[in-house]
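First, one chain by itself in structure tokens, the form predicted on its own.
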């Protein structure tokens, strides 16, 4: 079954995007501000899919106290904010005939990258939380997306090869439509999946039934 959205609610913190698609309705949303999340459903009568796409990378700081502060910022953005948003829109998703939660994580959730340790920690937390969502909400397709380095504002100036975001987006949509719950949308990510994909999925399935055995 294909998703054919009639309305796309696009969250923005400060400035609306420049999309000219008539289906896009811009809604104010600061994922790190509780009242902003609580108000998000005021003008959204129905919802089938929520996508947590906000992301920010703060390079590792030499000072331990500063690094801990950086971790708190990224945990709030990559973990607590998305979970609060999911909790807020959950009643809408529960009324949908085909609900889905899509969390944009990172292939760095599986191993730390030098200079980005706190970022990787926060993404690893979102990975585990997404597994937990699948256990708690079996009627909702809970998807973890694990892209490699991608050409976005966050990676500007990166010396590594960057995936085309439009190609990755198309791969993500196709995978979600096919019912997948773990998506590795580009060449670098697929190399990671070849190493750990099946073992991680098998371990998740085993741990999911651990207490019922």
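Positions refer to the first chain, counted from 1. Just so it is clear, the model here is predicted, and its values are computed rather than measured.
If you look for the form predicted in complex with a small molecule, you will not find it shown, but the lines that follow are about it.
Q. Does residue 13 reach the small molecule in the predicted complex if we count a contact as any heavy atom within 4.5 Å?
A. Judged by the heavy-atom cut-off of 4.5 Å, residue 13 is in contact with the small molecule in the predicted complex.
Q | Any non-hydrogen atom of residue 30 within 4.5 angstroms of the small molecule in the predicted complex | A | So residue 30 counts as contacting the small molecule.
Q) Is residue 77 close to the small molecule in the predicted complex, meaning a heavy atom pair under 4.5 Å apart or at it? A) Judged by the heavy-atom cut-off of 4.5 Å, residue 77 is in contact with the small molecule in the predicted complex.
Q) residue 171: heavy atom within 4.5 Å of the small molecule in the predicted complex? A) No, residue 171 stays farther than 4.5 Å from the small molecule in the predicted complex.
Q | Contacting member of 43, 187, 180, 53, with respect to the small molecule in the predicted complex [4.5 Å, heavy atom] | A | Comparing distances to the small molecule in the predicted complex, the residue within 4.5 Å is 53.
Q: Select, from the options 110-118, 97-105, 83-91, 134-142, the stretch whose residues sit within 4.5 angstroms of the small molecule in the predicted complex by heavy atom distance.
A: Careful reading of the contacts points to 97-105.
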